[in-house]
Each structure stands twice: as C-alpha cells, then as structure tokens.
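The chain that follows stands alone, in the form predicted alone, written as structure tokens.
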C-alpha cells in the first residue's frame, strides 16, 4: 500500500494550527506530494506580505508535530516505513525552514515530540475515558463496550457510553433506544439514560436505514461533535465504542481526548489476533496505554450447559502474553447473550436466570473487576490519583 495525497490531507486535519483550528482549514497547507512511501508537505504560516515571519522554533515544532501525526496514521494504516519532508515557505514561496528528509544538517533538529495524547484535553466533569477498539470488525467490540459500561454502572459508578462507531452504530439496538427520540437542549445533546448508563449514538441522529458514506474529515467532525457537544454531566467513566480498524476516528480521538487507556477486543482465531496486534500497536504509537485484552466469544455454551471451543479458546490470552499486555478475561457466548443484545437488555446478562446460567455473569463481573484494577494502576502512573493509607 502506498501513500496518497488524500490520505495525508485527511491526517493533517488532526494537526492544530498555532492560532487555533487545524492547519488544513486555516489554509496553511500549500501543497502535498506523495509517491510510494515518500511524501512532502509544503506549509506557510504567512498569509500576506505584512504578516510577521514565524519563529524558527514555531516552524520546527509544527514540522515535528506533522511528522508525528502522519507517521502514526501511516503505521496504523499498514504503510511503513515512510520518508516525509515538511517545508515552510514565505508569502513569495521561498523556503525558509525544512524538517524531515533533506533538512540541512546544520539546522537545529525539531525537538522530540511528546505522544499525541499529551496535547489532548479531557471532557469537563469526566474523570476517566476508556476507548474500546479492535483491529477488525465482527469480534463483538460493541458487545464488550456495552457490558463494560453496564457492569461499571452496576458497581455504583457514574458511567457514560459513546457510540464512536459512526459508520455502523450498534447502540440503538443493544440498548433498546429505538422508541426514544434524541433531544437537544441549549445546543447540547442530551444523553439517553438506560440501564444506569448515559449513552449517545450517531444511530439516533440519522435515519436508521441511511448509509453513512463519509470521508475522513467528515468522520473526524462527527466524532468530535458527539464527544464534545454532549451534556455528560459528572462521570466516573466514559466508555467509547470505536469503529473497527485503525483509521481516522481513533486518530481523532487520541488527538482530542485525554484517555486513561484503551481495551483491545479479540476473538481466539489467529486472523483476529493479527489485527488486534495492529490495534494495540496503534494505541501505543498514539501514546494511549493499553489497559488489557479481552477474549470475546471465547467459547460457546450450549443450552445443555456444555462448552464448545468453536474458535479455539485461549488464543487472545496467549497474544496478550506475547505482547506483554494485561489479560482482562474471557467472555463466552450463548443464546441468552444474543437474545439480550437483540432485545436491548444488557442488564439481563448479569443475572443467572436471564443469562443462560451463571457462567456469563461471572465472566462479565470478573472482566469489570480486572478493568477497574488496571484503571487504578493507569491513574497512578499518570498522576491522576494517589494511593491512600487508612489507619485503624
């Protein structure tokens, strides 16, 4: 796979302009060239002859950020290694600074850029943001997102759930939102309150049968609107159900939202593991800590209670061990899980009488407990919380 100009332009939408907005919308991108894995970007921060020339430090720092964002997006798309140069020109088109390939050796190198996450901000009132992602579709990522959110709420936490899978939103069905209407108050989306969880989904903002055929910048804008224009209130956790793969939405999310960490969902098969590895490395490249791996559809529980290892139980756990990542747990599949998901009643998955026995509730409760433990560790490492000592 080779780089294209359209890809690079879409990725550059995630690079902030020094004076606000992004460098594409501000008209700072003069030209983009791409051939195979080589690319160049020509920039200007001077719009007219009377505008002051930006400092060299500003241009080098911005060049470093462009390099960082493009490389991360290219890696997530399976395009690596790449050779990238960034040129800055004045209003006459004269090159006044250059970073990356071909930059003069005597020029000061761009300072090493911090991970994308360090420029991201949080959401007012939200303590922790958790992204749930997967390298491919069909592994039950939305199922895990919904049940994690409901499980955390059942433990007394204030929880929000954002359906970030804007191409194929699943929450209207899985949370039973079909008969509800989305409301807006003072320009802010009002989340639905169902199963103890505040939820927002693109599926309630468009016609149910309307295909969402969006290019990268449109997907970027839609996700940002859902995240930032929802009146979440005070939340302990906001769980984000990402679209499958390693495309624009995860990159947008990492650029704009300060995450506590990410959960990678995988099924036991080798083909799913390969894609899950890419998802884990994408989060790592973006500076997002991977809280752990979940093996979904680990095994099938028949109506007779017998377990069937249809996909080969344990594959995702071995993958997590190989990558040095925490393993959060295995979640089985049975008829009750499918019925509860289709009927929009995820709370039923936590009751043995409505979950086809005790195996599914126990697996989900163990998953939530392990996630809480990893969240506490991540918060300590990021300085968001401190250990306490109680003396009795």
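Numbering follows the first chain given and starts at 1. Everything numeric in this text was worked out from a predicted model, so none of it was measured.
There is another form of the same protein, the form predicted in complex with adenosine-5'-diphosphate; it is not shown, and what comes next is about it.
For this session: Answer yes or no: in the predicted complex, does adenosine-5'-diphosphate come within 4.5 Å of a heavy atom in every one of 15, 252 and 287?
Result: Spot residues vs adenosine-5'-diphosphate: no contact at all.
Exercise. Where, among 151 to 159, 307 to 315, 135 to 143, 255 to 263, do residues come within 4.5 Å of adenosine-5'-diphosphate in the predicted complex by heavy atom distance?
Worked result: In short, 135 to 143.
For this session: Flag residue 34 as yes or no: does it have a non-hydrogen atom within 4.5 angstroms of any non-hydrogen atom of adenosine-5'-diphosphate in the predicted complex?
Result: Contact with adenosine-5'-diphosphate, no.
For this session: Considering only heavy atoms, tell me if residue 337 and adenosine-5'-diphosphate come within 4.5 Å of each other in the predicted complex.
Result: Contact check for residue 337: yes, within 4.5 Å of adenosine-5'-diphosphate in the predicted complex.
Exercise. Does adenosine-5'-diphosphate get within 4.5 angstroms of any non-hydrogen atom of residue 68 in the predicted complex?
Worked result: Residue 68: no, not in contact with adenosine-5'-diphosphate in the predicted complex.
For this session: Report whether the minimum heavy atom distance between residue 296 and adenosine-5'-diphosphate in the predicted complex is within 4.5 Å.
Result: Residue-level check for residue 296: yes, a contact with adenosine-5'-diphosphate.
Exercise. Considering adenosine-5'-diphosphate in the predicted complex, which of 328, 41, 331, 62 comes within 4.5 Å of it through any heavy atom?
Worked result: Contact residue from the list: 331.
Exercise. Ok, 76, 97, 174, 239: which has a heavy atom sitting within 4.5 Å of adenosine-5'-diphosphate in the predicted complex?
Worked result: Checked against the cut-off, the match is 174.
Exercise. Going through 346 to 372 from first to last, which residues have a non-hydrogen atom within 4.5 Å of adenosine-5'-diphosphate in the predicted complex?
Worked result: The stretch 346 to 372, when checked against adenosine-5'-diphosphate in the predicted complex, contributes no residue at the 4.5 Å heavy-atom cut-off.
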